[in-house]
Structure formats: structure tokens, C-alpha cells
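Only one chain is shown below, in C-alpha cells, and it's the form predicted alone.
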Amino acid sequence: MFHWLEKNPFFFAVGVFLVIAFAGIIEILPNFAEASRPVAGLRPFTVLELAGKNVYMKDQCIACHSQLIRPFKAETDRYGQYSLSGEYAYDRPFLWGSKRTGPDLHRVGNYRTTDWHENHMWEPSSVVPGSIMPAYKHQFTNIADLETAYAEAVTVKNVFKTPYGDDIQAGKAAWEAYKPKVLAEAQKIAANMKNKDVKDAVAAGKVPEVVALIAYLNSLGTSRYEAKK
């Protein structure tokens, strides 16, 4: 057999390729699958955070901000621990981004507050002198689409087995029963804000986009790890 292969270099090369490919698959695939699993304690986004994520996508925040900290000292010194693939297990879609006109936001929830985000979205240069980021004052009056976010939670729960509780079910009645939990979460965010119109809207049962967006930004980082609570 080996003597025959020595006389046929083409088949010898094919045989070597197949052996290396088979060994690579055995070695790489299990580690890849393991790394893709949720990191310990990671929870899915809440419905309010999902609504904020949708605002993030609608207003194209990804055009200027990434959510992927690379394992380089310059990045970990500035943004914190490098990103792990298991931290994105419940992100659909991923919002890694590739352009950094602004800073990376993957762990912004670890070092920014609700008050800071409110000031930043209203007038960026008030908290970051010289900032070229535009103001997003429309988010203080536009109302977040909570029903769509709830439907998204139902979908990923049923299709991807995302671990939401039994209280998230399909149907209008289920949403109406769940809605008070979303409003309660929004009220906690609004309580730390100064804008009176936002507070009044939340008190009336309407959630401005900025509240949902701040909930989402506050969740980025390690704040979605149950073990950290």
C-alpha cells in the first residue's frame, strides 16, 4: 500500500489531505461548538432591551460603533475584557460592526449610567466635548415598538429555544398580561432620568425610544450575567 502511494504522488497528496482534514475536523469542531454556547449566567435580552436593540438598529448606531472587543492590549485597556463568542449566543442578529467612528460599545453597560446616556443622546457634546455624534432628540418623543419586541421574544423562544420564561407566550392576551412587567422595567429607567416628558410618557404607559435604548445599552457588558446580580 505505502509502496503504491510512493509511486502515485497525486493519490499520496490526496491521502495526506484527507487525513489532515479529518484530524482538523475532530480537533476544531468540538471546540467551536463549545465556544459558541452561552457563557455561564448569560440571560436573554428582556423585551424592553429588545425594543432598545431595534432602536439601535433603526437609527444605524452600528454605522459608527462596534460591539466586538478584540484580544489586543490597546483594546482591553480601553474597553475591558475581550469579547467571547458565547456572549453573543442570544444576539440575533449580531451587531459586531466594523467601523469605529465612535468607541466600541460591547461593555458600555459596565461604565456608563442612565443619566449619562440621557445627556449624551440629547446633546452629545455636553458630556463628550468635541463629539461629532449627532443628537437623537427624536428618541425622546418617538414611542418604542414594544409589541414587535415581544413578538421577537416569542419567536426566538419557539424557534431557537432561547430560555425565556413560561410567561412569554404567543397571542394578544399573553402580551397584555406581560406588558406590566415591561412598563415596570421602563419606570426604573425613567426614574433615573431628568426629562419630564419622558417621565410623563412612561407614567401614561408609553415608552419613548430613548428609554428602551438606554435599557439596551445598560445591558451590554456583563450586566446580563445572572451570576453578577
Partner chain sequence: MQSNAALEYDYSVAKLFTYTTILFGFLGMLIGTLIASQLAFPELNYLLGEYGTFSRLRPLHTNIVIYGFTLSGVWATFYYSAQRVLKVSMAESKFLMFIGKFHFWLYFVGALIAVITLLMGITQAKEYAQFEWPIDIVIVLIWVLWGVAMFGLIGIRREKALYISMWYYIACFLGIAMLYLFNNMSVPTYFVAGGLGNVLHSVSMYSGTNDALVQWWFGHNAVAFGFTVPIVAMIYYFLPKESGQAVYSYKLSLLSFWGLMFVYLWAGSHHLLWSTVPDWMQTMGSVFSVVLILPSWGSAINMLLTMKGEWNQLTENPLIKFMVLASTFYMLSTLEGPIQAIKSVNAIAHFTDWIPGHVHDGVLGWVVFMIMAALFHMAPRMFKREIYSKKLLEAQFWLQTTAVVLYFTSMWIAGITQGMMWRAVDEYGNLMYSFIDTVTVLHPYYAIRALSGVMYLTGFLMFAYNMIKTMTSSRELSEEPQFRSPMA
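Each form is matched to the other, and the largest set of C-alpha atoms that superpose within 1.5 Å is called the rigid core. Just so you know, these numbers come straight off a predicted model, no measurement behind them. Numbering follows the first chain given and starts at 1.
Missing here is the form predicted together with the partner chain; even so, the following discussion is about that form.
Hey, of 64-72, 197-205, 184-192, 40-48, which bit sits against the partner chain in the predicted bound form at 4.5 Å between non-hydrogen atoms?
The contacting stretch here is 64-72.
is_contact(Ile28, the partner chain) in the predicted bound form, heavy atom dist at most 4.5 Å:
So Ile28 counts as contacting the partner chain.
Closest heavy atom of Lys58 to the partner chain in the predicted bound form, within 4.5 Å or not?
Residue-level check for Lys58: yes, a contact with the partner chain.
Interface membership of Ala89, the partner chain in the predicted bound form, 4.5 Å heavy atom rule:
Although the partner chain is absent here, Ala89 would touch it in the predicted bound form, with heavy atoms inside 4.5 Å.
Spell out, yes or no, whether the shortest heavy atom distance between Tyr150 and the partner chain in the predicted bound form is within 4.5 Å.
The answer is yes: Tyr150 has a heavy atom within 4.5 Å of the partner chain.
Heavy atom within 4.5 Å of the partner chain in the predicted bound form: which residues of 95-113 qualify?
Leu95, Trp96, Gly97, Ser98, Lys99, Arg100, Thr101, Gly102, Pro103 sit within 4.5 Å of the partner.
Once you overlay the rigid core, does the Cα of Pro9 travel 2 Å or further between this form and the one not shown?
Result for Pro9: yes, a 2 Å-plus shift.
Taking 2 Å as the cut-off, check whether the CA of Gly205 shifts that much or more between this form and the one not shown after a rigid core fit.
No; that C-alpha moves by less than 2 Å between this form and the one not shown.
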